[in-house]
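A single chain comes next, written as structure tokens; it is the form predicted alone.
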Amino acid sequence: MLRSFQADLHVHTCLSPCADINMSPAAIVKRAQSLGVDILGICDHNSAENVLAAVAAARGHGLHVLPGMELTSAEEVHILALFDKPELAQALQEIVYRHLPGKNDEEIFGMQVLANADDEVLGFNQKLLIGATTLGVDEIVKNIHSLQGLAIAAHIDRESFSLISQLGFVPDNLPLDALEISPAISPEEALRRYAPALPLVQSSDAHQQDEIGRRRTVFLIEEASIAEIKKALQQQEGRRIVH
């Protein structure tokens, strides 16, 4: 039976150096629950190390966490990767870490906090997560799809770190699953401005708690899974984006 699922597919934890220190996995889950979010995408910059904590914090609470990551390509394009299972996000993380140069400077970029489901700090990631990988956009999308994930171009309306800002266009031969718009633009304006050939989703790109759920995509699907979301994006078997 199909029903509506409210999804915020782009939320950062305290692992992202640009996120608020209070964005622990447990706090995010609690906030998303209170707002009626059904599906939550955890997408830290170039890392999935806080995904397991978010999955554990959500267990038994009616909130489905999709393990993910926001990758930065060599062209400085941000691409969201979303998966059904944490081990798939971790497999992508291994690839990313092999292609991610540099070391974090906390005074310049901020702390990169590793936390568990009980709000305890486990340590700090020392990689330059805010930096760009040496992987091209096409390589990133190929790797995401090889792990059965969804590849979504992040915040295409932004003037930096978006597919359009960096490349000037959406390549016809790039097999993305969708384009994401930020809270700064409405779907109607995005349709007028970009006339996209791909489906549009909207997410919060939350870096602090009061931003969680401020933009959502409502999917008419059977269950919270990558396969069902993919069907909705492709308007298959009655699945679709409601708004």
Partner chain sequence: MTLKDVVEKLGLRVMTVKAALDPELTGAYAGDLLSDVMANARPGNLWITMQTHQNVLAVAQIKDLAAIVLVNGRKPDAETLQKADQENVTVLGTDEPAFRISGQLYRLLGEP
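Positions refer to the first chain, counted from 1. What you see is a predicted model; the values in this text were computed from it and never measured.
Not on display, but discussed next: the form predicted together with its partner chain.
*Asks:* I need to confirm a contact call. Of 154, 137, 115, 96, which residue comes within 4.5 Å of its partner chain in the predicted bound form, counting heavy atoms only?
*Replies:* Exactly one residue meets the criterion: 137.
*Asks:* Quick one: which of 159-167, 83-91, 122-130, 105-113 gets within 4.5 Å of its partner chain in the predicted bound form, going by heavy atoms?
*Replies:* Selected stretch: 159-167.
*Asks:* At 4.5 Å between heavy atoms, is residue 101 in contact with its partner chain in the predicted bound form?
*Replies:* Result no; residue 101 lies far from its partner chain in the predicted bound form.
*Asks:* Output the sequence-ordered list of residues from 75-110 with at least one heavy atom within 4.5 Å of its partner chain in the predicted bound form.
*Replies:* Sequence-ordered list has one entry, 75.
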